[in-house]
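Consider the single chain below, provided in structure tokens and representing the form predicted alone.
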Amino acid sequence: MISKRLSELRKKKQWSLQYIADQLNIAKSTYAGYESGYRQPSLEAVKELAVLFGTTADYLLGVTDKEHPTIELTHLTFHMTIDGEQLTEDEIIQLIAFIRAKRELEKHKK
């Protein structure tokens, strides 16, 4: 799965094999091996590739089909911060209410 995803992402961004190899400080043939399936990238390389392509390791490895992760604000299992200060549950509820109200207003403008 990773070879297919790497190839798709590279072509989508219109990057050359050499460009990606240069970004990772590896030989072009090494990266080409990742795309062909001849070589398997190390965990560190998978992490670097995910950062380079702006996606997640889970997407590259085929664990998920979502190229970009989705966070559901109504079921938080982590802490959110703004300016380094953690949001309270009440602030999160207000944020969700604001976004819902804004979306509703946008619907009526159309």
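So that the term is clear: the rigid core is the largest set of C-alpha atoms that superpose within 1.5 Å between two forms. Sequential numbering from 1, following the sequence displayed. Since we're looking at a predicted model, the values are computed, not measured.
Omitted from view is the form predicted in complex with a further copy of the same chain, to which the following refers.
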query: Close approach of residue 17 to a further copy of the same chain in the model of the complex, 4.5 Å, heavy atom; finding: no
query: Close approach of residue 37 to a further copy of the same chain in the model of the complex, 4.5 Å, heavy atom; finding: no
query: Any non-hydrogen atom of residue 23 within 4.5 angstroms of a further copy of the same chain in the model of the complex; finding: no
query: Partner proximity in the model of the complex: residue 11 to a further copy of the same chain, non-hydrogen atom cutoff 4.5 Å; finding: no
query: Interface residues of 85-109 toward a further copy of the same chain, as seen in the model of the complex [heavy atoms, 4.5 Å]; finding: 85, 86, 87, 91, 94, 95, 96, 98, 99, 100, 102, 103
query: Threshold 2 Å Cα movement between this form and the one not shown for residue 11, core superposed; finding: no
query: After fitting the core, residue 85 CA displacement of 2 Å or more between this form and the one not shown; finding: yes
